[in-house]
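Single chain ahead, written as structure tokens, the form predicted on its own.
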């Protein structure tokens, strides 16, 4: 899987196909993609950058879909547990999953200038972290990898 977020692509197609895929996953797993959950996913898909729960809530509130924080948090909990979104721990924010439906371990490349985020694939069974875990008898269940730097566009601008 290649990183998604810093390269040019057909964004309208990206959003449309991701929403279609989310609907198929929900149907197969018998999950409910309610209007608020769907709209929350659309909002996260609107840009390839992380949004905080209150950023999401502001859009939902402006559209008359709820003003109480639990509205946003419930939608985000659903999206993350279904694998449709990820939490960017360092930013305390969320981003739509770029590889929806794929079993993967993401790493997030976060631009410190424009705040865009690319999702790249990693493997917990390879590399120095995996070696350290094996050497100590530790079994990795989940990792969160976040790298801060400058995206290609911001590097060019500098």
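Positions refer to the first chain, counted from 1. These numbers come from a predicted model, not from an experiment.
Same protein, other form: the form predicted together with the DNA, not shown, and the subject of what follows.
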Within 4.5 Å, heavy atoms only: does residue 71 come near the DNA in the predicted bound form? yes
Can you work out whether residue 32 and the DNA are in contact in the predicted bound form, taking contact to mean some heavy atom pair no more than 4.5 Å apart? yes
Just to confirm, residue 112 within 4.5 Å of the DNA in the predicted bound form by heavy atoms? no
With the partner left out of view, is residue 108 within 4.5 angstroms of the DNA in the predicted bound form by any non-hydrogen atom? no
Residue within 4.5 Å of the DNA in the predicted bound form by heavy atom, from 120, 36, 43, 26, is 36
Sequence-ordered residues of 131-156 touching the DNA in the predicted bound form, heavy atom within 4.5 Å: none
